[in-house]
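Given as structure tokens, the chain that follows is alone and in the form predicted on its own.
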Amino acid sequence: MRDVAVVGFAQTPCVRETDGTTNGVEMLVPIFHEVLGGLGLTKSDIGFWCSGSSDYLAGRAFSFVSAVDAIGAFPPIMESHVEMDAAWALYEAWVKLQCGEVDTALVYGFGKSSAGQLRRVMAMQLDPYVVTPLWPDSLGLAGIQARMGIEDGLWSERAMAEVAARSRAAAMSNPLAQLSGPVSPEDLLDEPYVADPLRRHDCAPITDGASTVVLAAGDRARELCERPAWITGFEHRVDSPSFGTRDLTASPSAVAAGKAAGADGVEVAELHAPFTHQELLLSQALGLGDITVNPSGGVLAGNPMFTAGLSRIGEAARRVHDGTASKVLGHATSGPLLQQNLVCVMEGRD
């Protein structure tokens, strides 16, 4: 296996709505300049480009092709795309580097959720024969999952409120967060339900945003970054798409991905948990214990669709870059109710 590391990360501010188009170009151009400029690279230095986005969210077919305009028409590039969170585009790029075809790769994702009705758009990922025709919205489904966990004694509404309060407090140190500020669990519990037992603070906000990560292999990574975040484990697993065959209060795919990636001993974890109870579920599934979780505020502080998972890996890598942690975990999820889970473990080396 080749040594491959995250050497650069940049993201836009998480905002409720942008004025740009759904192809993401206006969001991508500034962060491309930021991440490449910070590493002293040009577009010609990138061996492979890979992106993650959704045509359903953009409301047009092959919307990612328009996003390539942010890269530019010249010089010609080697490019690919995944129709899901860009964390899976990062996995594709990592495989590309493992094959030895290139030494550098730039991965990006973007989502403009404000352009449509996100709760209805997300229904399009469900079983097209027996579930999607009912148009169950994402908050209602998450409410069912949360209620099942409460009934089984796995978490409580107060524990969920404590997750939200901690997220808002942590996001105060993140200038790109959409939601931040001190708030008490008691105050949060006084708010009305939006999908019993979920309150507004239990749900990630609707967010427009984009992010990008640069990978490099071997000596190239050491040249570009003083303290690279070396990827020591990178795995993803998937559960059944059928709700009737799953225990919604557990996540076997997260357990399997965490074990395969070597999640033991991580000091910091960034979890892609769009709902407060899902952070509690994932922390247990990955065996995280009392470590620091979502020091950036996580997706409860800003949730740009189809790049929030990539951002979790970038945020975790930053803790290695700045020396605050030696072993970190970045997590991404895709599909309804934590159906598919990806775990990326990174380490710093002295």
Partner chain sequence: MPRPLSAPLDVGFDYTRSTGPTLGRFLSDLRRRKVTGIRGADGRVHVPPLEYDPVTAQRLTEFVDVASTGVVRGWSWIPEPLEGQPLDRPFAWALIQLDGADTSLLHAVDAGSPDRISTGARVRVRWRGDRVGAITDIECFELSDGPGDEPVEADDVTMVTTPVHLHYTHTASPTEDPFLRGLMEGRLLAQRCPACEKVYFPPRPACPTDGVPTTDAVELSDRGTITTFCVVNVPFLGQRIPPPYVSAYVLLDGADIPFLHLLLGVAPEDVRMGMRVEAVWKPREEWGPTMQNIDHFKPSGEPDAPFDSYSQHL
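Residue numbers count along the first chain shown, from 1. Everything numeric in this text was worked out from a predicted model, so none of it was measured.
Another form exists, predicted in complex with the partner chain; not displayed. Remarks below refer to it.
When the partner chain is placed as it is in the model of the complex, which of 293-301, 280-288, 34-42, 50-58 ends up with heavy atoms within 4.5 Å of it? Every other range fails; the passing one is 50-58.
With a cut-off of 4.5 Å between heavy atoms, is D196 one of the residues that contacts the partner chain in the model of the complex? Yes, D196 is a contact residue.
Any non-hydrogen atom of Q117 within 4.5 angstroms of the partner chain in the model of the complex: Contact with the partner chain, yes.
Given that the partner is absent here, does L248 sit within 4.5 Å of the partner chain in the model of the complex, heavy atoms only? Flag for L248 set to yes.
Although the partner chain is absent from this view, report whether E267 comes within 4.5 Å of it in the model of the complex, heavy atoms only. Output for E267 is no: heavy atoms all beyond 4.5 Å of the partner chain.
Which residue, Q98, S242, S184, S80, has a heavy atom that falls within 4.5 Å of the partner chain in the model of the complex? Only one option qualifies, and that one is S242.
Option touching the partner chain, based on a heavy atom within 4.5 Å in the model of the complex, out of M84, V131, A159, I206: In short, V131.
Select from 127-152 the residues with a non-hydrogen atom within 4.5 Å of the partner chain in the model of the complex and write them out in sequence order. Counting only heavy atoms within 4.5 Å of the partner chain in the model of the complex, the contacting residues of 127-152 are P128, Y129, V130, V131, P133, L134, W135, P136, D137, G140, L141, G143, I144, R147, M148, E151.
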